[in-house]
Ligand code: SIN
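In the form predicted on its own, a lone chain appears below as structure tokens.
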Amino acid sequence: MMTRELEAVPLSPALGAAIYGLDLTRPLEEEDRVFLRKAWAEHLVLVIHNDAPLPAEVHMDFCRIFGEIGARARPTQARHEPEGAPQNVMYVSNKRENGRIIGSIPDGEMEFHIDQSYMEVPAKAGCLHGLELPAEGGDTIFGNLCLAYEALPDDLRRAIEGRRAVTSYGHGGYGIQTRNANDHSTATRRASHPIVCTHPDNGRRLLYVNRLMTERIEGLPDDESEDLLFRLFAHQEQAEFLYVHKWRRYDLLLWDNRACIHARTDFDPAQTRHLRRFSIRGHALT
């Protein structure tokens, strides 16, 4: 039972809220779960500051408030799990055990992306728990795709209405990459999604493309597709749509993977950055 009233404090004008009054080590009442779902629907990103690491089961129980935990979606992973790790866990980590990196995406900066957007049914949400963090850098930047769509200039809105874009797992790799619009290899996972989708929970329209993985717009010549995509990326990455999360150790962070892009800033690879992640199962986008 909660001992005090919950509070959601906005973290930026664009998106994000910190939740106060929540003790995840104790059972939650249904009214608390309802509060969290409403706060998440409004703010898209929720942050809970914790004083100690959360066990994996507590992390998973929190995720289940918002849906069913999904399986890892990476096609291949040259990695191994820490002993006793849940089957569907993913570690975003440069930590090594017995000389091997135990996680994925270990080092470096990452462009804006949407997790699993290369799949026909991407994840509904992602949830990270910061276990070990560098002294500086490794921030996560989130962008509000609903606000981005609503602020689109009329010419861009007309240009994308009714169009679809192809997103590929192998298109951008894991870090800052040079785009290659002519690489249409079928050797990697890819999926086609509407560029403008409707959020199933709040009915808002959103701009569903991302710089790292969206490779082309269907039905357009390569040069026109490339130009239009770059304009869309530049628009959705404007500061007015963003929230920069500077991690505190033991933060738990949940984001709406349907309505947010996210990116990572660089950090010293000699320092440890180790986060546990679960995803929440999603649905086809329309």
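Since this is a predicted model, take the numbers as computed values, not measurements. From 1 onward, residues are counted along the sequence shown.
Although it is not shown, the form predicted together with succinic acid is what the next lines describe.
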item	value
Joint contact, Ile105, Met110 and Arg277 to succinic acid in the predicted bound form, by non-hydrogen atom at 4.5 Å	yes
In the predicted bound form, Tyr243 touching succinic acid (heavy atom, 4.5 Å)	no
Exercise: Thr140 in contact with succinic acid in the predicted bound form, heavy atom 4.5 Å	yes
Succinic acid contact in the predicted bound form: Val92, any heavy atom under 4.5 Å	yes
4.5 Å heavy atom contact, Leu128 and succinic acid in the predicted bound form	yes
Answer range among 27-35, 41-49, 257-265, 231-239 for contact with succinic acid, defined in the predicted bound form as heavy atoms within 4.5 Å	257-265
